[in-house]
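Starting off, we have a lone chain in the form predicted alone, written out as structure tokens.
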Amino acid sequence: MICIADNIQITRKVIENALNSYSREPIMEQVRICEQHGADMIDINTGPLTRNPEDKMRFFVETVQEATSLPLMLDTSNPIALKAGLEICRNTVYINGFSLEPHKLETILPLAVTYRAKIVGYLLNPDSSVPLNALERMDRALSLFEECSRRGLDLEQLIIDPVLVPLLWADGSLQAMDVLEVIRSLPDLLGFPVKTIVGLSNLTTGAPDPEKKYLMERTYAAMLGMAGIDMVLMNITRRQTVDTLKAASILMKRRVFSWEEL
């Protein structure tokens, strides 16, 4: 189980201000906090970076690399910024991500081929809408698989995100169960042990009560672990959720149990 910190994102004021002023220390401090809380990887979410995308992405990646040797996940929809980050990344690097949207197939997926980076593929429709159920997600997985094969991506580079939606959606709880079904079924559907990832923070978006929010997050984290999820993108400072994910993954290893693993 790989826990990826999603705390380094442009929507947080401390990160936005540091990026706009090219201030290294606030970003580095947030990275150190993530590492102290047990992050296995750092997601660098810069947003689209419409102004000075290359300079800002280089600054961001260089700053994060000064603070950690952990693998990095470059999270932007801007292919120009993404290419700039990939060019200077010394740490192991992942791309987050692409989907069946035509412009992402044309501009982002080829970067994974060129730079031999692992890449997250979202099970979205070509118009970026979310599939209605597990069967539709399976169909998008097959289409994603075919596009990757056709465009020269080594399938071991592919990590599939079934797309978790907020529980507050009208069908949010049903979709949450569909995501678990997809995670369990994908290896058999695609014929190889494809890796899977979920953005756990999406589940409780808009939750009015923090205690209920964290309870539901921890509960679903255990379900993800038992479904066989490989990677979880999350707020890494939520220690109980991290511990729940790790404990579930230990049980899934189907080997002699040891309390020392916890």
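Because the structure is a prediction, the values reported are computed rather than measured. Just count from 1 along the sequence shown to find any residue number.
One more form of this protein, predicted together with a further copy of the same chain, exists but is not displayed; see below.
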Quick one: which of 103 to 111, 77 to 85, 146 to 154, 175 to 183 gets within 4.5 Å of a further copy of the same chain in the model of the complex, going by heavy atoms?
175 to 183
Which one of 58, 213, 195, 37 is close to a further copy of the same chain in the model of the complex, taking close to mean a heavy atom within 4.5 Å?
213
Non-hydrogen atom contact residue 14 with a further copy of the same chain in the model of the complex at 4.5 angstroms:
no
Heavy atoms within 4.5 Å of a further copy of the same chain in the model of the complex: does residue 170 have any?
yes
At the 4.5 Å heavy atom threshold, is residue 237 in contact with a further copy of the same chain in the model of the complex?
no
With the cut-off set at 4.5 Å between non-hydrogen atoms, does residue 248 touch a further copy of the same chain in the model of the complex?
yes
Pick out the residues of 83 to 105 whose heavy atoms come within 4.5 Å of a further copy of the same chain in the model of the complex.
none
